[in-house]
Each structure stands twice: as structure tokens, then as C-alpha cells.
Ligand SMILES: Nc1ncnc2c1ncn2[C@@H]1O[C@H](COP(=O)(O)OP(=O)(O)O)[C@@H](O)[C@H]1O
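Only one chain is shown below, in C-alpha cells, and it's the form predicted alone.
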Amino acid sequence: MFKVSGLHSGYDGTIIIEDIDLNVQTDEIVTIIGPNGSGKSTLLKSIFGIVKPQQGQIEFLNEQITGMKPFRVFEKGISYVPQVENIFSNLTISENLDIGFYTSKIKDTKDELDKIYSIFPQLKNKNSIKSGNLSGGERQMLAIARALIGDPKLLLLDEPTASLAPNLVNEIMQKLIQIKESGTSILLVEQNAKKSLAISDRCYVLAMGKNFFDGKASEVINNKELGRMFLGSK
């Protein structure tokens, strides 16, 4: 469904990621892990068109999307949730979701909201509350919920559990399983590697801006050397 080949990208002429290859199949959760500074966020931004790749190709549903502007990438069926500044805190939950509808072509908003609230019932009960008053977990749920409006085929998530309490991390991970089961594949950058690998089909490990390892998530979990290097295992 989605493929990155030989991707080089970075900022102001400085290469951050080099010769990156990866793919995501239909109905998959794929996790990208690696140390800070390995280029994980840059990769997601390059896919979504926020950063312009300097070399390589990005293909989605058999169409080249390399270098497309973000709104075009969104129109093709890819949504992106950055780690920070991913909601409008001065607006209510309902108003945040309205913005998602504004950027989509959905006309039957009721049915779409029913689908969103079936995954995130907590939001429905608080839809008139200003988003700035939500907990960290609820904010992330709202950011993900808005990104799901329009039924994207691929969801890019940059550290959705950052700074969350362990019980909220577990809850977010369960939501991601629901999203996958609803028909949206997920490409996930996550520092909480053990938790994300537990729900993932496959994993890519980045180091120094390059592919270091790729394979089934279980292979990373069960590999002692990779565990020591990237999961904090002894």
C-alpha cells in the first residue's frame, strides 16, 4: 500500500535521513524506533510533505507522492499527527473536530462522528469542554480522532504516548488496535518501544539516519542485542 525507497531528506541542505527504505501493508501497524536524533520525526515529516525530500521516492496506492504539499498528501488518504501542538487548545472538542470536517469532503458528519466516538467515547461526553482543559491523554485522543475524519488509509503518528502515565499509554495503544481493525494502517514513531512493538506487526529501527534493522516486531522483542541497544533490556 505504501512504500519509501532510497529516501534522503533533511533541513537547509543538511541530510538527516539517508537511503531509507520502508513499506506499510494494508491493515498493519508498523513502528519506527531508534535513539533520539536518528531521524524518525524527519522521516514522517518528509512523507507528509512538511519537509521536502532531496532524493528517493514515496509511493502510496501505486501513485508517486514524493514532494507533494501536505494538503495534497492528506487528500490522497494520509493523515499525520505531530507530537506537539496537535490540537487547538482554545477551541472545544466539538470545534476541533469541526476543523477536521472542514478539511475533508465528508458531508454526512453525523455518521462520521458516530464512528469517531465509537473509538473515543470519552470525547463524546466532553465535546463542549475546551481542549486546553483536557488531560494529556484526552488531548492525544482528540488529535488522533480529528486525523481520522475522512477515513484515511494511512495514519502517521509521532510519539502519541509521550509524557503520558502508564495507564494512559496502555489506553492509547488499545485505541490504535481499534483504528487498525477499522481499516486504517498506522506508521508509528514511538519512544515507548516495548509497548508499541507489542501491538505492531513489523518494526524498523533507525540509527544515525539510516536503516539499521527491519523485520517482524516479535524479532526485535526477542533479539537480545537489539533489546539491549534499543529497548533498554539487560
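Small disclaimer: the values here were computed from a predicted structure and weren't measured. Throughout, we count residues from 1 along the sequence that is shown.
One more form of this protein exists, namely the form predicted in complex with this ligand; it is left out here, but the text below deals with it.
Proximity to this ligand in the model of the complex, taken as a non-hydrogen atom within 4.5 angstroms, holds for one residue of T66, S41, T184, N192, which is S41.
Of the residues A217, I16, L226, V24, just one reaches this ligand in the model of the complex with a heavy atom at 4.5 Å or closer; this is I16.
Looking at G37, you'd find a heavy atom of it within 4.5 angstroms of this ligand in the model of the complex. The candidate stretches are 28-36, 169-177, 56-64, 196-204, and the one lying within 4.5 Å of this ligand in the model of the complex by heavy atoms is 28-36.
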